[in-house]
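In the block that follows, a single chain appears as C-alpha cells, in the form predicted on its own.
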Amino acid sequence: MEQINNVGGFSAKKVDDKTLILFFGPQHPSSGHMRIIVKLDGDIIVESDPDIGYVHRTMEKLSETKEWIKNSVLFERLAILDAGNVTQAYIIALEKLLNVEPPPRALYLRTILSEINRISSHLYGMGIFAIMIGSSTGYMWFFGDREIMVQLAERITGSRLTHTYHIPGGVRRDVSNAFLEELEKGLNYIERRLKDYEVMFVNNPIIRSRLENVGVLSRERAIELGVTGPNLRASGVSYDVRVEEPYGAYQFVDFEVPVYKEGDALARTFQRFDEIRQSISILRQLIKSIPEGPVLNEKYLKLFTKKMKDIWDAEKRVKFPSIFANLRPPAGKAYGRVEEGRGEIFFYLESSGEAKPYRVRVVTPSFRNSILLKYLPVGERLADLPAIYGSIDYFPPEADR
C-alpha cells in the first residue's frame, strides 16, 4: 500500500488505481477531535469508519472519586454549550436518591435555562455546520446571535458556559423581573433573525443543493441504530423526553414536537430551526406563568437558615456548595434523563451510602449518534461528507466522555 502524504490537505493511502483510503481529521478545523477514515472508489465513499475517543477523559470513573456535589462541576464539561441540560439530568437522579423535590419556582428556572441552552446549542451547531459547507456568513451570523443567549445564561447563572446552576432541591440563585424582561427582548431578536436565516441559509439555492437528498436516514434505520434527538425526529420519529417523561416545568407548558419525514441533511437543518421556534414559545409561556416563592427545597432552606444566617445576599444567590459538601445519599439506584440539544442524555447513579458515588454511568446523545457517521456517508460523494457531518451536529467531547 503506497503512502501519500497530502491529498487536498488530508493524509491518505492509495490501495490501487481506483481505491483510496482518506483520513478526515482529527485536525480538521470543523470536526475537532474526531477522525473519519473513508474508503473511496473515485470520489464515491464505499466505507466510512468513525474513529472517536481523542478527548476521552474517563469522566465516569473520575466521578466515582469525587463527592456527589462536585460531579455537577465535572459533568457540565461534557458539553459546555449545553451545560444546564447536562447537569440537570445528573441532579434529577441525585434528587431521587435523596428523595428531595425542588419547589415550583426552581422548576421553572431550570426549564428556562434548559431552553436558553437549547437555542444556544442549536445556533452553535448551525454555525459549525455553515463553515463546514463553506458559508462564512452563516458561521458569523449564527455565532454572533448565539452570544445573545450566552449572555442571558450568564445573567441567570453568573457564568457564561459552565453554569453549575442546579443543586439538589433547587437552583443556586433566583432571578429578577428585569431579567425576565431582558429575556423577552432576546427572544424577540432571535425570532426576527430566524426569517433572515431562512433567506440567507436554508432557502439559499446553493445550500439546498448541497443538503437535499444527501445523507438520507430512514425512519426504520434511525430506530434500528438507536439514534436520538433532532436526528431521530428529522427521520419521522416523534420522540422527545420532555413529552415522554416530563421533568422541570414542561408539564405546565404547551409545545409541539417538530417532525420531518425526509431524513436528509436538509430535514435535519429545518428540524433545528423549528426547535428554536418551539423553545421561544416555551420560554414566553414560562415568563408569563413563573410562580413566586423560594428556589430551594424547604428541607435544605431550613438547614441553610439555621447554620448560615447570611446564606442569601442581595441578589438571592445560594452560597455553593455549603452543606452539600458532605452529602451522603442512602444506598440505592436512580436515573435521570433529559432532552438535551442533541438528544437524550441519561445518567445512572448508584449509592452505597458514602460521600462519593459507588457507580456512575452516562450515555450522551453524541455517542449514540456517532454511529450515523458509519452509515450515512456510504454511497455519497466525498464532497458531501462535511454536509453530512455538520447536519448530524456531532460534538466529540460529549461523545468521548
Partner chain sequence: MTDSSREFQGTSLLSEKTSEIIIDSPDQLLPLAKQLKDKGYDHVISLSAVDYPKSNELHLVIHISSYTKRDLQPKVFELRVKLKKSEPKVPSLINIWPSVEFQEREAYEMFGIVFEGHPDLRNILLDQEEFSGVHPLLKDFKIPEEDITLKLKEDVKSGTNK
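Numbering follows the first chain given and starts at 1. Because the structure is a prediction, the values reported are computed rather than measured.
A second form of this protein, the form predicted together with its partner chain, is not displayed here; the remarks below concern that form.
J.: Would I371 sit within 4.5 Å of its partner chain in the predicted complex, counting heavy atoms only?
T.: Looking in the predicted complex, residue contacts with its partner chain include I371, since a heavy atom lies within 4.5 Å.
J.: Please check if K39 has a heavy atom lying within 4.5 Å of any heavy atom of its partner chain in the predicted complex.
T.: No, K39 is distant from the partner.
J.: Do V227 and its partner chain come within 4.5 Å of each other in the predicted complex, heavy atoms counted?
T.: Taking the distances in the predicted complex, the answer for V227 is yes, it comes within 4.5 Å of its partner chain.
J.: Whether L232 contacts its partner chain in the predicted complex should be assessed with a 4.5 Å heavy atom distance threshold; does it?
T.: Contact with its partner chain, yes.
J.: In the predicted complex, does each residue in the set Y108, R173 and D254 place a non-hydrogen atom within 4.5 angstroms of its partner chain?
T.: No, the candidate spot makes no contact with its partner chain.
J.: Of F273, F179, Y239, Y260, which one comes within 4.5 Å of its partner chain in the predicted complex, counting heavy atoms only?
T.: The residue from F273, F179, Y239, Y260 that makes the contact is Y239.
J.: Give me the residue from E244, E298, E191, E154 that has a heavy atom within 4.5 Å of its partner chain in the predicted complex.
T.: Exactly one residue meets the criterion: E244.
J.: Which of the residues spanning 46-68 lie within 4.5 Å of its partner chain in the predicted complex, based on heavy atoms?
T.: Result: D49, P50, D51, I52, G53, H56, E60, K61, E64, T65.
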